[in-house]
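In C-alpha cells, the next block holds one chain alone, the form predicted alone.
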C-alpha cells in the first residue's frame, strides 16, 4: 500500500477502523492468485421504464462506491468489478436479467431491483443459485414470506416506514383518513400497513382506493372520498403522483396530504406549485442536505456527485433519488465489511458470510451515511432512523427525525432456521 492509499484508507475508515483493517490484512493476506481474482458485484436496476430515475441514481451510486473501494485497497485486498443489467422496470425482464448476472457474468453478489415485483420474483433465484441478493424494493413481504436466507435488505420496508411515521401522522396531522395507492405489490403493502397501524393508533381509515399504474384521470377515484375525511395517505409515483396531486387539488384543495417520499423521488416540485404545497412526506434521507447536514452525508454526496439540493453536480436537470440510492452504497459496504470479518473467498464461503451479516450492526460513517442501523438476524431486515419533510414554497424542509426504535416491529419469520 503506497502513502496515498494509506492516507485514503485512514480517512475512509477512521483511525480505529484502519488499525483493525490493517491488522486483518497483515494477518490474512490473500494469495497472489486470489488478489488477482476480482469480487464481482452485479446490480439489477431500472435504466429504462417507469423507474428509470431510480436506476440512473442507483447505477451512479454503485459506480462511485466501487471506485472508492478500489482506490482504497479493494475488499480484503481484492479488486471489485461492477456489472449492471437493465430490468426495464419489467418483472419478466428482471428475472431473466437476474439469471444473466449469475450464469453469464458470474457475479458473487446482486443488488436490486428497486421494483418490489421484480425483487419478489428474483428472491427464489438467490436461493437456487446460492447467491446473496440485496433487493431494494420496499414491499414488506420481500423479507417475510417472499424472502429466504440468501436475501438481505439494507434499506427499509413499508411496514417499517408506516410504523415509524404513524405517531406523527395520527397525533399531528389527522384522525380520519383515506388511502389512495397504486394497484400492485408496493401499493397494497402501503394500504395494508397504514390501515393497521393507523387504527392501532386511534385513527380511522374511511376508504381504501387502488388505482391502476398509468392512471391519467384520477377524478373518478378521488370523487369517492367521503366529505368527513381529513387527510389522504397516498402511495404512487412519477406521472401517477402528478396526475393524482393535480386532481386531488381540484377536488379537495384543503385536505391534508401525507405519503412516502417514493412518490416524489426524482421529481422537480417547483412546477407543481400550489398543488403539492403543504404536503408531508416520510423520507429515509432528506433530498436537501440541510435536512441532515452531517460530515458523512456531505462526503457521500461529494463521492456520488450530488449537490446540496439533491441535483447532479454539473447537470442540475437531474434530481437524484437521494432517499433511496444511499442503500446501494451501504449494501456494497456491508458486503465489504462482512467479507473482511469472516474471511470469505468465494461462494463456497457464503454460509459464513450469511452468518456474519445476520445481526450485524452498522455505525454512521462514510460507509453508512444514512445513520446507525442493524440487520435483524431472523428476517434479514435492516432498521434505521426516518425523517419527516414538509413542502414549503416548493421546497422540501425536514421537520422531524424519527428514531430507530419507532420503526421496529416483531419478526414474522426466522431465516436462521433455514439451511444453506
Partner chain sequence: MVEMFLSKLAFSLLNGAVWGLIVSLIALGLTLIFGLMGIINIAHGDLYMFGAFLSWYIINYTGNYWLSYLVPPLLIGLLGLFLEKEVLRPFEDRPEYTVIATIAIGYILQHIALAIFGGSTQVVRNPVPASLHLFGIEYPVYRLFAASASLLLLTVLWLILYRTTFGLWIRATMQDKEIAETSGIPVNRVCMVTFALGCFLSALGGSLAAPIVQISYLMGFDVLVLAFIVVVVGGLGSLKGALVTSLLISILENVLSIYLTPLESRLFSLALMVAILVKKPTGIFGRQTE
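All figures in this text were calculated on a predicted structure; none of them were measured in a lab. Residue numbers count along the first chain shown, from 1.
One more form of this protein, predicted together with the partner chain, exists but is not displayed; see below.
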_Partner absent here, but in the predicted complex, which of 57-65, 41-49, 348-356, 376-384 has residues with a heavy atom within 4.5 Å of the partner chain?_
41-49
*At the 4.5 Å heavy atom threshold, is residue 146 in contact with the partner chain in the predicted complex?*
no
*So in the predicted complex, does any heavy atom of residue 167 sit within 4.5 Å of the partner chain?*
no
*Verify the contact flag for residue 243: yes if a non-hydrogen atom of it lies within 4.5 Å of a non-hydrogen atom of the partner chain in the predicted complex, no if not.*
yes
*Going by a heavy atom distance of 4.5 Å, is residue 212 a contact of the partner chain in the predicted complex?*
yes
*Though the partner chain is not shown, can you say which of 81, 288, 239, 90 has a heavy atom within 4.5 Å of it in the predicted complex?*
239
*Listed residue that, although the partner chain is not shown, lies within 4.5 Å of it in the predicted complex (heavy atoms), from 125, 272, 256, 201*: 272
*Check, residue by residue, if 183, 216 and 268 all come within 4.5 Å of the partner chain in the predicted complex, counting heavy atoms only.*
yes
